[in-house]
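Okay, here we've got a single chain as structure tokens, the form predicted on its own, with questions on binding and movement later.
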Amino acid sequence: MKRWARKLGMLVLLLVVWEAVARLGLWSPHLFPGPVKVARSLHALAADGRLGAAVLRSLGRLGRAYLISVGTGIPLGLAIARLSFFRDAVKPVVMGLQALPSICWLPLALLWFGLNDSAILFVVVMGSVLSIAIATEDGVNGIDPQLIRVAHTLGVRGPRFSFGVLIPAALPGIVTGLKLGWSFAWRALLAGELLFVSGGLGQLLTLGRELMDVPQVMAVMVAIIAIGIFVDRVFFQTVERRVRRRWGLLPSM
């Protein structure tokens, strides 16, 4: 109860500060609306169905791109951790590309795929697959070497070793990588949707900017933050906590 009270208190404090700054008149009310105006705009977007349609469109794109990233990133991370060729030749490339912001891929994506969903999906994949691969490699490298030696001594090799020893032992690190990959994918998706008409949350932001409707812009930003917190706290944090507790990395309840 104390934790929830602190979180609620911080939220109330932020809203009070927001309202106070809006009332001070440092900026025009049209440029810096208070939380009440933003809440009304958010309600209007939800009531006429625009917000729901945009959320479904964005999450649909995110789901497709994220599945591709997971299906590519985990095997790539395992290969980098276990195969010398990938460790020596591929890992430097992965680390170099990871330093490149995902939005930098958009010009190439537009030239290669045109103004369509494929361009956005490509940007999202490039924004998340590398972080998943790196986190998977770190998870494998963090396995107790004695566990691997015991498995080899018992003759556990091939697919049985990979799926029965390697991946389960590295699972806490892999889950952390999946969480990071999702956050990178979410940000890359919205950055891509901002740049051309796409029917998602990014388009609602762009329309609000073009119409000088600052309450709509802030309302969509609040919705984006709420979705991000919900997915992180309800799904990823729950899974991560259970896996870590199952593997003895957290105390039992």
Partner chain sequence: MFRALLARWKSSLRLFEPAQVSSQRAQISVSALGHRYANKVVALKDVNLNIRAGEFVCLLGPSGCGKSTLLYALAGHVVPTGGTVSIEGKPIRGPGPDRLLMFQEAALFPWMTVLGNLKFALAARGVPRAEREPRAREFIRRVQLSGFEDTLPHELSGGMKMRASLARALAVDSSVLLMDEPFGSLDAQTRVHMQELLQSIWLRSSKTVVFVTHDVHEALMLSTRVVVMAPRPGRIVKDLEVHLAMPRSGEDPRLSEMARYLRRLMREAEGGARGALPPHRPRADSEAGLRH
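Computed from a prediction, not measured in an experiment: that's the story for all the values here. Positions refer to the first chain, counted from 1.
The discussion below concerns the form predicted together with its partner chain, not included here.
Contact annotation: of the candidates 140, 106, 121, 151, the single residue with a non-hydrogen atom within 4.5 angstroms of its partner chain in the model of the complex is 151. Interface membership of residue 165, defined by any non-hydrogen atom within 4.5 Å of its partner chain in the model of the complex, is confirmed. The closest non-hydrogen atom of residue 155 lies within 4.5 Å of its partner chain in the model of the complex. Its partner chain in the model of the complex comes within 4.5 Å of a heavy atom belonging to residue 169. In the model of the complex, its partner chain sits within 4.5 Å of a heavy atom belonging to residue 146. Remark: of stretches 157-165, 177-185, 121-129, 96-104, the one touching its partner chain in the model of the complex is 157-165 (heavy atom within 4.5 Å). Shown without its partner, the chain has no residue in segment 44-68 with a non-hydrogen atom within 4.5 angstroms of its partner chain in the model of the complex.
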